[in-house]
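As C-alpha cells, one chain now follows by itself in the form predicted on its own.
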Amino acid sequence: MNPTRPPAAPVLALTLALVTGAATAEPRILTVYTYDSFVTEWGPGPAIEQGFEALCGCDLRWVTAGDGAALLSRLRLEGARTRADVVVGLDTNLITEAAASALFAPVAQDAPYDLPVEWDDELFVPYDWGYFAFVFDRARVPEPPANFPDLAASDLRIVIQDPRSSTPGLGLVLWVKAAHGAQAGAIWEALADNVVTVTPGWSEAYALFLAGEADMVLSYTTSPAYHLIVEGDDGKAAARFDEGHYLQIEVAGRIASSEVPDLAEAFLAYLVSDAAQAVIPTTNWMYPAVTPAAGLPEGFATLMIPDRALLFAPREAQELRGPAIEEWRAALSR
C-alpha cells in the first residue's frame, strides 16, 4: 500500500458532480467492454452497474467478449471505430500491447491502492488482484502436488485455459516460464498428458472442474472463498506450489475515441471507490485493489498465501508472451 496517494473519494465526488450536473432528460450511454464472468448475475457487474447509474443518471451497457485476452483482440480489430468507452478486464501481462495500440487515453484516477507492488501507470486503473493456483477438491485429491514437476509426474487430470484468449491461460504459461525459465518447454511436455482439455476462458474451465471432469483447474488462490462463504463448503482448496505463484493485477482503461470521456472517467473513479471495491471480494472472488473500509470478508483469512510472488514487468511479459505460448502450443500439439 502506498500511503502517500490521496484518497479517491474527492476525485469521485467532483467527477460525478460534473457528470450529473450535465445530465439531460435522455440518459447518456456508457459502453463498457468486459469478460463474460464479470457481468453474470453472481459477478460484480450488476451491483456496479446499479451503483454507478444511481450516481451518474446514465445508462451503463456491458458488452462481453469472452475472456480478458479476447478483449484486447476485439479492440485491436475494431480500432478507433470501437463502440467501447471503457474496457474492464485486461491485466499487467497485456497492458504494454494495449498501450501500443494507441486506443487508450490517460486517466486522472489516483487511489490508496493496496497491491503487492507499487502502481504507477497513466493509462490503466487496477481494480483487483490475485494469485493463480490449481484448485482441487480435498475429497478427490488428498495429497496435492507441491510444484509443476510433481503435477506432471502424477496422474491428475487438469483443465486449463487457452493463453491466446484467456488472461488466466496467459498467466499460466508465464507462471511456468517464471518458475522454470529455459526448462519451461520441458515442463509443458511433461504436463501434456495431464491436460484433459483447454477452454477459451475461465468460466468454461471451472464448470468442467465442478462437474467432475478434472481433478484440478487453473484458477486463483481466492477461488475456495466462494465455496466457503456461499456454499459453506471447505472442501475446495488451492495447491501451494513451492516455486511460487504468478500474480495477476486486473485493470480498466478509458478509450481515447469515446464520445463521453467524462462518463468514462467517472466510471473509473467509481470502480476504485469503496462502494465498488466492497463488492469485488464476494462477486469477482479476488482481492480488491483498494481495501474496503469494512475490510475483507471473514473467509478470506483462511486462504492460502503463496510463499513467493512471481511477476514479470509489463514490458518483459510482452516480450516473453509469444515464445511462452509457442512452448505451450508445441508441447500440447504433439
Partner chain sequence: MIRSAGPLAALVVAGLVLGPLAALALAAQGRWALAPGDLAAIRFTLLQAAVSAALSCALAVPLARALARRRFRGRRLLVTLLGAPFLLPALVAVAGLLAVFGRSGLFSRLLAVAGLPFPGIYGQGGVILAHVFLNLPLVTRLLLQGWAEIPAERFRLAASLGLPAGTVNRLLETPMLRERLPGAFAAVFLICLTSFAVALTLGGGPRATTVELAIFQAIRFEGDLGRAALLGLVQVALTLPAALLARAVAAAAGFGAGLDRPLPPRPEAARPLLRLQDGLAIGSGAAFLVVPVAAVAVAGTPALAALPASVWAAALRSAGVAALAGMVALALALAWAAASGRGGLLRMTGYLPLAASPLVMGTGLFLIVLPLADPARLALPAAALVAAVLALPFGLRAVLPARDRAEADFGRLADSLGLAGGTRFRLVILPRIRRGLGLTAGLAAAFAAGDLGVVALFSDPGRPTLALELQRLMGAYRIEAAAGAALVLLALALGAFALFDRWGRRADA
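Numbering follows the first chain given and starts at 1. As the structure is a prediction and not an experimental result, all values here were calculated from the model.
Only in words, not in the display: the form predicted in complex with its partner chain, which the text now covers.
If you check its partner chain in the predicted bound form, you find no heavy atom from any of 49, 117 and 234 within 4.5 Å. Stretch 74 to 82 is the answer when you ask which of 255 to 263, 74 to 82, 120 to 128, 144 to 152 has residues with heavy atoms within 4.5 Å of its partner chain in the predicted bound form. When contacts are judged by a 4.5 Å heavy atom cut-off, residue 69 counts as touching its partner chain in the predicted bound form. Contact check for residue 200: a non-hydrogen atom falls within 4.5 Å of its partner chain in the predicted bound form. By the criterion of a heavy atom within 4.5 Å, residue 302 is excluded from the residues contacting its partner chain in the predicted bound form.
A residue is said to contact a partner when one of its heavy atoms sits within 4.5 Å of a partner heavy atom; residue 26 fails this definition for its partner chain in the predicted bound form, lying far away. Note on the partner interface in the predicted bound form: the residue among 63, 309, 296, 275 having a heavy atom within 4.5 angstroms of its partner chain is 63. Shown without its partner, this chain lists 136, 241, 188, 206 as candidates; in the predicted bound form, only 206 has a non-hydrogen atom within 4.5 angstroms of its partner chain. Residues 157, 162, 163, 164, 165, 166, 167, 170 of 150 to 173 are found to place at least one heavy atom within 4.5 Å of its partner chain in the predicted bound form.
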